[in-house]
Structure formats: C-alpha cells, structure tokens
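So this first bit is one chain, no partners, the form predicted on its own, shown in structure tokens.
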C-alpha cells in the first residue's frame, strides 16, 4: 500500500516528467519501488530512454531492469509488438532465464493463447514449484477466462503455502463476496485483520460482510468493526458512520423491547448521525438536506 508522502512524491515527479522537466529515470525507479501500475506513463517514458542509445548506455546493468519494466507496461497497454521486442532483447541477454520465461507467458496471455501460456507456466513450475509469481499468473488466467471455481481453488492452494500474502487473501475475499459466499469472505477478512490489525479497510469490509449476513450476533460484531474503522481513521470514514446507523436500526428492530439495547442503540445512532452531519457540512454542504432526509427515514422504531 502506497503511503501518502510517497504518492505525493510520485505525482510530483510524474507532473515534472510530463512537462519535460527531466527526472524520467527517477520517476521510473519510484514506480518500480512502490509497485504501482502507471503503465501508459512507464511505456512512454521508458521507451524514450530505450530508444536513445546514449541514455540507455548510461544505465549500465539497470538497462535490463528497464526492458523488463517496459515489457510489462507494453503488455498492459496491449502494445504487444513493443513487448515482444523487449522480451527478445532480454532473451538474448539472459537465455534460459525463468524471469524472462514469465514475461513470455504473460505475452501469450495477452494474445489470448491460454493453452500455450498454461504450458509455459507449467514448465517453469517444474523447475521451481514454489514460484509465487507463476502461481499468481495461473490464478489470473483462470479469472480472465471466467473460470471462477478454478481461481478459487488456485487461491486456496496458494494460501496453504503462502499464508502471509495479504493481497491473495483480499482477492479471495472479493471473489467470495461477488458470489454471495459471505461466510467464506468473512473468514478471509478475519485472516487479514489478524495479520494487519491497523488497516481500516479490512475492518470496514469485514463489518460490511457481517451486516449483510444479518442476525443479532453478526450485527453486534459488525457495529464493533464499523466503530474500529472510525477509530482507525480518526472519525473520517463516512461509510463506517453509515454502517453504524444501519446496524443500530437493524438491531433496534431485532431487539425491540429490551430496554438496555434500545437505549444503547439510540445513543450510538445519535452520535453517528451527528458525526455524519458534520462530515457532510465539511465535504459536501449542498448534500446536507439530502442526508437529513435520509437519516429521518432511518429512525429507530
């Protein structure tokens, strides 16, 4: 996840480069370091170096790193001839390289040659069965072909080995949510919260899933995780504030007549509604009347 200061620096460098102010190599290095996808920019600015022999010679051994970076960007942008040329240069420099083999597989994917790509990846896995990148490519291929069950199976097998891969847990959770398999998604978010307890988006997504499942117990837990999201974001998460309101409404309906729960829900609903009002006055003052009308329809019964 890119930090705020890193994103500011990246945007600054990008504007500088786009305006012809120099710093192309520094920008490309930062994109690579932060592992972000700015494929159109990388393709444009990377080629400006690779197509200039003087600039390219100044890179030394980093020339091949740039070839790889541009090849991936070209595949993303469907500039397959450029990708092919970059991969050929890498093949010549690094024959029998597994890393170059991955790029060849990605190029086959981009061409829609799924069987050939599968064969290439399987061959690479024979040499190195624990290659994380290749396993992920095979999962991505399954998703690209619409084979969701194969993607789920692949992710579960992958996570049996690489349990600390947060991106894989999040991807699996999102697939389960898309299939309305909320209990399975909840398990994935629980794993994410255990390993990254200070990431508010995990708490928020888990709360959403529990709210969707419904029932007194799930709603009570969802309310706590919405509250945790608000705490972790310094009270700035609008969606979590709405979640608190929705949970208190639902709990009020399910626990009607239980005086203690009614009072607690009413107080919490009032606090969340007040916070939402302040948030809207700051962020979208023209929408305050709409918020007031919406909250008016969400009164505790």
Partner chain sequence: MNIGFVIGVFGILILAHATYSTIQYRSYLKILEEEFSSPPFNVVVELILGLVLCLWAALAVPGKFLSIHPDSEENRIVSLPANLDFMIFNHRGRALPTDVNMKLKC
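Positions refer to the first chain, counted from 1. A quick note: this is a predicted structure, and the numbers were derived from the prediction, not measured.
The form predicted together with its partner chain is left out here; the points below concern that form.
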| item | value |
| --- | --- |
| Option touching its partner chain, based on a heavy atom within 4.5 Å in the model of the complex, out of 120, 155, 209, 100 | 155 |
| Proximity to its partner chain in the model of the complex, single hit among 150, 77, 125, 181 (heavy atom within 4.5 Å) | 77 |
| 106, 171 and 232 all contacting its partner chain in the model of the complex, non-hydrogen atom within 4.5 Å | yes |
| is_contact(residue 94, its partner chain) in the model of the complex, heavy atom dist at most 4.5 Å | no |
| 4.5 Å heavy atom contact, residue 56 and its partner chain in the model of the complex | yes |
| Partner contact for residue 213 in the model of the complex: its partner chain, 4.5 angstroms, heavy atom | no |
| In the model of the complex, residue 85 touching its partner chain (heavy atom, 4.5 Å) | yes |
| Residues within 4.5 Å of its partner chain in the model of the complex, restricted to 189-212 and counted by heavy atom | 198, 199, 200, 201, 202 |
